[in-house]
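There is one chain below, alone, in structure tokens, taken in the form predicted alone.
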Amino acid sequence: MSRLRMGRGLVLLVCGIYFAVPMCASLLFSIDDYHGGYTFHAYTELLSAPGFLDSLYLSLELAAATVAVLLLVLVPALLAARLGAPKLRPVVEVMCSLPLVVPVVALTTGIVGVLRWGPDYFANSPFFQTFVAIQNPNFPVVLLIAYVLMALPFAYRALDGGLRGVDVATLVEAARNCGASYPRAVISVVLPNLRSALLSASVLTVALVLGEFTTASILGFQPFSVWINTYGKTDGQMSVAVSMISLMVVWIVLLLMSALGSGRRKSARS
């Protein structure tokens, strides 16, 4: 038993050193004034830089919209496959896993091709305005569609794991016997038992959206990840400060989501 604890402690120590040393070195470099003192000039200048809040708001809006679209599409589909058509579950699994085998660059190249082809082909039809509207830089719907596709496999795995731990058919049948309709049985009985799976899917999606760079950069939009890459090229300290702020923003968002889920679990138990 003591050896097992020592082994766990050693693994945690190695992991802590692996993550903490580069972080501390980066933080010290970003606040070093080259005269033996410290300054937060890089951080204050970065926070007041043009485009910082706009790009951050855009990333947060895209993350929230991606989570909402994924859950609204995926949860009913998985429940319907589990309750009404169990033989379709392998089909749903394959379809949700397909984005994993398509490289992000290939997916983005395909989107760029469609966006270039569409306006010329639909120039004299109402679809032309649709192609223009989905590329609005204030909220690029085309980027939202790409993020939904990229996050689909991870959200599916999280939700499928939660559904495997819950006897959905029995819960729905019990609720139906008590007089509840199908929608009320799902909302009042099934979804509360999937809270951890829903939270896991949301956290994975938000982490992916906030850190995604390739698709947004190629399509020419400027969410937070693209902004920090553009603005961080001014000098070395600024580049490290941008990386530190990016990590902190992602961590804060994920910690808030985890804290929100934990708070609801405690209130439900009490």
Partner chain sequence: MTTAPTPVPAPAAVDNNGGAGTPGTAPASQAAPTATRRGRRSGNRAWLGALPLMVFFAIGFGLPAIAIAIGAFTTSSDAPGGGGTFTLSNLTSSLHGAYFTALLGSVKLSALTALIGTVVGLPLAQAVATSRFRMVREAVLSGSGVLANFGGVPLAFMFVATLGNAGEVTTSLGLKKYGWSLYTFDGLAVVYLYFLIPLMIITITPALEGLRVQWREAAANNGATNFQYWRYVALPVLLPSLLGGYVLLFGASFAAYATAEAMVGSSIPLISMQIGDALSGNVLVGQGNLALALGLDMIVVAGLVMAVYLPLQRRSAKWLS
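Numbering follows the first chain given and starts at 1. Take the two forms, superpose them, and find the largest set of C-alpha atoms that agree within 1.5 Å; that set is the rigid core. In this text, all values refer to a predicted model and were calculated from it rather than measured experimentally.
Another form exists, predicted together with the partner chain; not displayed. Remarks below refer to it.
Next on the checklist: With the partner left out here, check for me: in the predicted bound form, does some heavy atom of F52 sit within 4.5 Å of the partner chain?
Outcome noted: Close contact is absent here: in the predicted bound form, F52 is far from the partner chain, nothing within 4.5 Å, heavy atoms only.
Checklist entry - Does at least one non-hydrogen atom of E61 fall within 4.5 angstroms of the partner chain in the predicted bound form? => result Output for E61 is no: heavy atoms all beyond 4.5 Å of the partner chain.
Item to check | T109, heavy atom within 4.5 angstroms of the partner chain in the predicted bound form | outcome: So T109 counts as contacting the partner chain.
Checklist entry - Do Y43 and the partner chain come within 4.5 Å of each other in the predicted bound form, heavy atoms counted? => result Residue-level check for Y43: no, no contact with the partner chain.
Checklist entry - Candidate spot L152, L208 and G211, all three in 4.5 Å heavy atom range of the partner chain in the predicted bound form? => result Per the other structure, all of L152, L208 and G211 touch the partner chain.
Checklist entry - Which one, A133, A123, V91, C178, lies within 4.5 Å of the partner chain in the predicted bound form by heavy atoms? => result When the partner chain is considered in the predicted bound form, the option within 4.5 Å is V91.
Checklist entry - Quick one: which residues from 164 to 189 get a non-hydrogen atom within 4.5 Å of the partner chain in the predicted bound form? => result Heavy-atom contacts to the partner chain in the predicted bound form: R164, D167, A169, E173, Y182.
Next on the checklist: So, superposing on the core, is the move of Y43 at the CA at least 2 angstroms between the shown form and the other one?
Outcome noted: Yes, the C-alpha moves 2 Å or more.
Next on the checklist: Given a superposition on the rigid core, I'd like a yes or no on whether M244 shifts its C-alpha by 2 Å or more between the shown form and the other one.
Outcome noted: Result for M244: yes, a 2 Å-plus shift.
Next on the checklist: Flagged pair G165/V253: C-alpha distance shifts by 3 angstroms or more in the predicted bound form. Which direction, closer or farther?
Outcome noted: The answer is closer, because the C-alphas of G165 and V253 approach each other in the predicted bound form by 3 Å or more.
Checklist entry - Considering a change of 3 Å or more, are the Cα atoms of W251 and F139 closer or farther in the predicted bound form than here? => result Relative to the displayed form, W251 and F139 move farther apart in the predicted bound form - a change of at least 3 Å between their C-alphas.
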